[in-house]
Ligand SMILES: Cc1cc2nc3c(=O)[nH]c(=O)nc-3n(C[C@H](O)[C@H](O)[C@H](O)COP(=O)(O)OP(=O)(O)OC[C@H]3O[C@@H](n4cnc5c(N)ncnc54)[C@H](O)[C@@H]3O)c2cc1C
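So this first bit is one chain, no partners, the form predicted alone, shown in structure tokens.
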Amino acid sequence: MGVVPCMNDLSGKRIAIIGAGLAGIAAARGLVQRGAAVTLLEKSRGFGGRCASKRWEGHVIDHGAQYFTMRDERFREAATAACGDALVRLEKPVRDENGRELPDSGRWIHRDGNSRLARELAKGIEIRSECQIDDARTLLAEFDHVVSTAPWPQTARLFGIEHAFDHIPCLAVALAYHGEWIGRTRETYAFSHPGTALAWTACENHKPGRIAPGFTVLVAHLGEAFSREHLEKPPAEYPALVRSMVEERWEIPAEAFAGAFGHRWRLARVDAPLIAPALPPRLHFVGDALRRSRVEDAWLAGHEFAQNTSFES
């Protein structure tokens, strides 16, 4: 049998949620539906976590989550209601190291950048951006409960507990080239080679309206060993480390190069779900670390937490 939702009325409960990624947004939506007064606290100016997009040189680049699935009907319903026809399915295949097409259960993007998925789902929720929290326990003077959706190492520090859990880093690089659909880009969306330095590369031109005319843009996500080796280098140095590998894989001439940027995802994903320890009273944790590190998993973690937590004092 599945878990029976704990749908007791939360009217009068003041709940703070740290982190305005998909888990925090889903938790906030669910708790508001149960009557709680919810405030999302986000340390950055924007929000969405690794569901991140960047405006760069006339392009809109997804340098975090490249796409998202909608396998679970609950997530599909929420995303469709929030975004409508701005959701676009990627049609071209992802290929493995031998050029074979990988299975596709539906790879989706938001037309205007994947960070917009988070923005649309967060509409109507009170969000305090650029809000730096050093100790979550101090928030209990204002709120009845505090929920952290920050990555577990950050959450443990916020809660004042010691509990090690390793996250896997990922270095990301965007590379722009002069010319449209150059090399092998027209018929393939991405190459996925897990366990190698160049674990993932994708062509952003397959996302309609995102890339300025006259250019081809590729995004690379580097594998675990490579990312750990170069993690502390300045992100500006990342493109030079991987550019030749990307050009070889996609058969792109080096002389077409137009520009690049790098980004460090220090706590990108988990290798196996976290089993969280007992937490201090009125402090809670929820996040994709409890499931798997995908957009859909993050949202479902927050949604199920909101449905199944009693918030007893």
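In this text, all values refer to a predicted model and were calculated from it rather than measured experimentally. Residue positions are given as counts along the sequence shown, with the first one as 1.
Keep in mind that the form predicted in complex with this ligand is missing from the display, and what follows is about it.
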- Note on the structure: Here the chain appears without its partner; judged in the predicted bound form, the stretch of 30-38, 248-256, 281-289, 53-61 with heavy atoms within 4.5 Å of this ligand is 281-289
- Message: Only one of Q154, T80, S192, T196 gets a heavy atom within 4.5 Å of this ligand in the predicted bound form. Which one?
- Response: Q154
- Message: in the predicted bound form, is there a heavy atom of this ligand that lies within 4.5 Å of any heavy atom of C131, even though the partner is absent here?
- Response: yes
- Task: Although this ligand is absent from this view, report whether H221 comes within 4.5 Å of it in the predicted bound form, heavy atoms only.
- Result: yes
- Message: Quick check on L274: any heavy atom within 4.5 Å of this ligand in the predicted bound form?
- Response: no
- Message: I'd like to know if I15 sits close to this ligand in the predicted bound form, meaning any non-hydrogen atom pair within 4.5 angstroms.
- Response: no
- Query: Within 8-36, which residues have a heavy atom closer than or equal to 4.5 Å from this ligand in the predicted bound form?
  - Reply: I18, G19, A20, G21, L22, A23, G24
